[in-house]
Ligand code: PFF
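Heads up, the chain below is alone and in the form predicted on its own; it's given as structure tokens.
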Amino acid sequence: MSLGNTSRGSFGSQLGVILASAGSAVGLGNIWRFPTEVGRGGGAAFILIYLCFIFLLAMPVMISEFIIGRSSRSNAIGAFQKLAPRKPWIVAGMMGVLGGFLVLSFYSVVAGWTLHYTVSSALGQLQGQGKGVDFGQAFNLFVSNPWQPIVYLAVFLLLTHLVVARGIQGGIERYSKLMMPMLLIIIVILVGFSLTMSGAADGVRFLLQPDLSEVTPEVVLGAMGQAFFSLSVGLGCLVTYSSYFSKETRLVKSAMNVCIIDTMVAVLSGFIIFPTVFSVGIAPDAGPGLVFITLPNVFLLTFSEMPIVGYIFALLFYVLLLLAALTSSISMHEICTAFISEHFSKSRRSSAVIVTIICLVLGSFCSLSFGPWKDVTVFGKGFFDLFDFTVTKFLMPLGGLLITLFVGWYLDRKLVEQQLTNDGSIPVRTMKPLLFLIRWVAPIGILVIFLNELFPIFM
């Protein structure tokens, strides 16, 4: 059963579905946020808890987005308009589109930093500055510059724009099939590099030997939150992507494959980060400092006697980050582009231009909040922190909560079952447990995350 317009674009293959959806989930957070959370949460113990929540909490939200998208064949807002006309459920779609604009704006700032470091690595500047370089000071000088980060932000947004403007099969699917295998190949190469370093065994041991004494309620909640945010669910990008799925696409199997790829990237990133930083006795820092300050120091110290190896390692690492940033930004751009194109009856290219311009302006505000506008605040926060806070603390958890409640409690049960079984053509033996997860486990888990983010219970 489908209520949407079948004349819209669609993915041309199951591989395209999986790689594009996985690309939406895989992002910068997999590379630096996951290892940081693992470091705080006791290593392997955190990973085991995280894996449980991926499949108990995050995957049901993803499947719910798939059901909404394919059954409606519409953008994030149009989907709720079609499935629940004149009902307040449209708020979930509106939050998704707003979140898409905000995420693409502040995310592109960090992606611009990544592009800058990729260029610097390619030119050999990270390795050629000498042992006395202060990477922390260099990073702070760069991000506070009034114009240079904005140039990189604009270039990154242009790269994203060029993919989205080409459409579903010719743009998103085509480049996902190119970028995702490249990303996975680079990860494998970097893991091989990391495991050859002296002291790498300590990092591997930290990842593989659970220390249950480190498990606290705070660690459990952290793993739950990381599982939810890692897959980028709750903003409607997967509603938009799944609106391009064919009727033959197996939703549960696709969601499972996306979760496996996303988790594999996150865990393998740990095998890059931990052996690398353990080899020089440094613990991973939180946030961007890990990849823009700590790791350049590690590259310099570790490969001082093998500069060509250090050059290759650093370049591949930042290319990896750039690819991860691009695959995620494309999905955020598509949320907004699809909405403008369908709601205002504009061409895809015109809609993409509008989205790119809006996000360039908003992204420039975010970038300037690290420099000339650092004292300009709204509700006590600079633009970058305000956008980040609004999305991660409100829009994503509330969106995910509404999406699971919508599918679990509002949508007609027959429609849900028809989507999950492709109109009865495939058996889904886990139907009842899956619906239980969508109706009860995922909403309760998301609500706990949301309340803990606003009112930290275990801090």
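The term rigid core refers to the most C-alpha atoms you can superpose between the two forms while keeping them within 1.5 Å. Position 1 is the first residue in the sequence shown; the rest follow in order. It should be emphasised that the depicted structure is a prediction, and the values quoted were computed from it without experimental measurement.
This next part talks about the form predicted in complex with 4-fluoro-L-phenylalanine, which is not shown.
Asker: Within 4.5 Å of 4-fluoro-L-phenylalanine in the predicted complex, do A25, N30 and C237 each have at least one heavy atom?
Answerer: Contact check passed for all of A25, N30 and C237.
Asker: With heavy atoms only and a cut-off of 4.5 Å, decide whether S331 touches 4-fluoro-L-phenylalanine in the predicted complex.
Answerer: S331: contacts 4-fluoro-L-phenylalanine in the predicted complex.
Asker: Any of the heavy atoms of I335 lying within 4.5 Å of 4-fluoro-L-phenylalanine in the predicted complex?
Answerer: Output for I335 is yes: heavy atoms within 4.5 Å of 4-fluoro-L-phenylalanine.
Asker: With the cut-off set at 4.5 Å between non-hydrogen atoms, does M396 touch 4-fluoro-L-phenylalanine in the predicted complex?
Answerer: Taking the distances in the predicted complex, the answer for M396 is yes, it comes within 4.5 Å of 4-fluoro-L-phenylalanine.
Asker: With the partner left out of view, is S230 within 4.5 angstroms of 4-fluoro-L-phenylalanine in the predicted complex by any non-hydrogen atom?
Answerer: Result yes; S230 sits at the interface with 4-fluoro-L-phenylalanine in the predicted complex.
Asker: Looking at heavy atoms inside 4.5 Å, which stretch does 4-fluoro-L-phenylalanine contact in the predicted complex, given the options 177-185, 155-163, 70-78, 222-230?
Answerer: Residues of 222-230 come within 4.5 Å of the partner.
Asker: Only one of F193, F384, F245, Y107 comes within 4.5 Å of 4-fluoro-L-phenylalanine in the predicted complex by heavy atoms, so just point that one out.
Answerer: Of F193, F384, F245, Y107, the residue with a heavy atom within 4.5 Å of 4-fluoro-L-phenylalanine in the predicted complex is Y107.
Asker: Under the 4.5 Å heavy atom criterion, name the residues of 417-454 that approach 4-fluoro-L-phenylalanine in the predicted complex, in sequence order.
Answerer: None of them.
Asker: Quick check: P35 between this form and the one not shown - does its CA shift reach 2 Å or more after fitting the rigid core?
Answerer: The answer is yes, as the C-alpha of P35 shifts between this form and the one not shown by 2 Å or more after core alignment.
Asker: Is F406 one of the residues whose C-alpha moves 2 Å or more between this form and the one not shown after the core fit?
Answerer: Comparing the forms between this form and the one not shown, which are aligned on their rigid core, F406 does not shift its C-alpha by 2 Å or more.
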